[in-house]
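The chain below stands alone and is given as structure tokens, in the form predicted on its own.
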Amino acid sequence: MIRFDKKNNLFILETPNTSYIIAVIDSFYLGHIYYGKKLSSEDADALIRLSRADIAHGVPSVNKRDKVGFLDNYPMEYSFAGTGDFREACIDVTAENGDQGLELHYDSYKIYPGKNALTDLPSVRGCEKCCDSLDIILKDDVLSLKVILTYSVYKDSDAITRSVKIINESSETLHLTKALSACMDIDMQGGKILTLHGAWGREREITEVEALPGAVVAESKRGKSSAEENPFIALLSDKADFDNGEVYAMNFVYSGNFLAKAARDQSDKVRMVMGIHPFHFNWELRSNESFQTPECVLVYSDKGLNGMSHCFHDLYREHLIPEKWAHAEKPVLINNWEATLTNFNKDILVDFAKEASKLGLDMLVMDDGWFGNRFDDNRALGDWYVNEEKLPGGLKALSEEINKAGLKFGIWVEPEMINEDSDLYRAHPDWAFHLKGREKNLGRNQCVLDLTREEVWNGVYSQIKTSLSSGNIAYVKWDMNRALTDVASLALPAEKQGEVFHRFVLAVYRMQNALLADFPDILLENCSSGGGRFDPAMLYYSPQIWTSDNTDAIERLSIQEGTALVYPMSTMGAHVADCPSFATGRTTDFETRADVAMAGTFGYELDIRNIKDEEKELIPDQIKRFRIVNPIIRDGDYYRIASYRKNRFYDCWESVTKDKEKAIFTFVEIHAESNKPSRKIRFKGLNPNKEYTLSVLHDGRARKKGENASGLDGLKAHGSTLMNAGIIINRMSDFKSLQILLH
């Protein structure tokens, strides 16, 4: 629900459990008054008077001699640069005469049912029955600039989405040098700032630091949302944990350069901003042209991090992930990459398929190496035609053989990149990004294609489309294996080179849109050197993303914990890989690898022809277990119970169905200790008044199938007992796991 309180000049946005309130001060400045637990709608007058008490002395209409002091202290709803607010600005503009700076004032508003899709950008879906939207129009009269702040609230979610449209209504050309999507000024004493930092193989590690005076930044200047950072930031109250305390969070629906910043200012307030990074950003805005920022999702939780996770997960499942796949069971697949790299042929893949089919798998995915002269990963990117030396008869013949074996068939592509050793590069060397007069900087022996150019976009996509049309292909893994450098486009004049980073991301979105329009039944999985582009925008096109190239089960615990903090577990590409792990050299129990992978989409990444017989015999039962636990994990509420990241000894999580009828609980022992008591674990999210039966699906302490080593199988207890008193888990050896179904 959204309404405007005319008496007090307040915009009041209400979700089922929160209130977000914006004020117009002196009929001129737009300010952030409140965001938090739902307030009584009758308290609007008191709220505005309480808020004004802190800044009334500085309001320009009262104290004209110190307008700068007002601008630098007032909690701005959308901050602007150059005229007195020295905190982080959301927008900065250079006029035709070279003047920098602006001052936005309130003009008008519009409230309407539903939600408008953003032009050329992915965004959270809306409809007239499920959400309401608000447009607040701000203006700068000197520049004749209009800024439209758009908010949407959902009837079934506590999330709020924000985006901004900037319109040049003057006859002159303006240059946007900064255009962020959202700002929040939060009055919180103390607290912590949480970000998801990392690297290749260590994506989305949870990092918490004190919210001291100064700034904490998460950012990417790599042309993608990146493994090193994630477009997410949160402010936590002092004692916030998984289940308690306040959390203010922002997540950016964008896959390119981003800035997420939280800074405690001189007034002890925290300003959080999020949007496109101003690094190499300079958008030419000619007369009557507009610029649309990507969308930012805001979440407030007074139930700690688990409450925040539930809100993000529900919003993305119901309103972002492609509806066809949001609640569908994904195929259990096997990917050949770790088994063969690029060294495979048709016979090898058909053997894979036959063995996988016997064991109950659903799909074979052929990874890198099927096209052009691709006998290793240093050549042929850009040549998207089938290598018939490897695959006689092409994708048609291969897919028919795979289907005949009883499996669906998928392939790997990397449309954004090109090798210098390729037919495409030899024909069109200018199609790759490069800076004039400089040697190209390679990454993974690749250059980046300038997809902002129409002839390049068409040349690449036409090849991809032709290949996908040639066989019965049910799945596409879309990879992107390097950051963007040497970014300059031959298609744009000098004054527009600051637009290339953003235009590249728009071109990627356009190509994924085209692929899904031309092949609507394909399951698309995004990937970027593993989890280097795991963001909400990618989930708009693909219901799952490869979480990390690091498939070591123990390393995956921290990676998947950080990912599931924001993104639904059903979106995490997770496979059982061979051991010793290529990433760490660690050997982990085969069943533990499966329990960890079941937290995501579940599949296999190994040479299924040559694994040990005892491991091969376990696969049908693992797939059977996955069929049982996946609906609960996919559609239920995720609870983090304990974190290996924090305690360094064990990891533990749970998923509970919305009706609280079933739950799936997973425990992993990391580091065994001698002469230590058993662990007491308390469940979460159950119905306290219902009796549950525990069924042990896998027990790492059992020496033979069916053994009740934990003593928990068949145990009956009420939810109140399981949540308050808990259960006892006996110690296990390193890297063993326990999986329990409650019903």
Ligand code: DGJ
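Residue indices: 1-based, along the sequence shown. What you see is a predicted model, and the numbers here were worked out from it, not measured in a lab.
Not on display, but discussed next: the form predicted together with the ligand.
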query	finding
Among the candidates Pro294, Gly223, Gly410, Gly530, the residue which, in the model of the complex, approaches the ligand to within 4.5 Å (heavy atoms)	Gly530
Sole residue of Arg586, Lys496, Arg444, Lys396 within 4.5 Å of the ligand in the model of the complex, by heavy atom	Arg444
Non-hydrogen atom contact Lys477 with the ligand in the model of the complex at 4.5 angstroms	yes
Distance check, Trp337 to the ligand in the model of the complex, heavy atom within 4.5 Å	yes
Contact flag, Asp265 vs the ligand in the model of the complex, heavy atom cut 4.5 Å	no
Non-hydrogen atom contact Asn481 with the ligand in the model of the complex at 4.5 angstroms	yes
Asp368, Trp546 and Asp549 each touching the ligand in the model of the complex (heavy atom, 4.5 Å)	yes
In the model of the complex, segment of 618-626, 484-492, 661-669, 522-530 with a heavy atom within 4.5 Å of the ligand	522-530
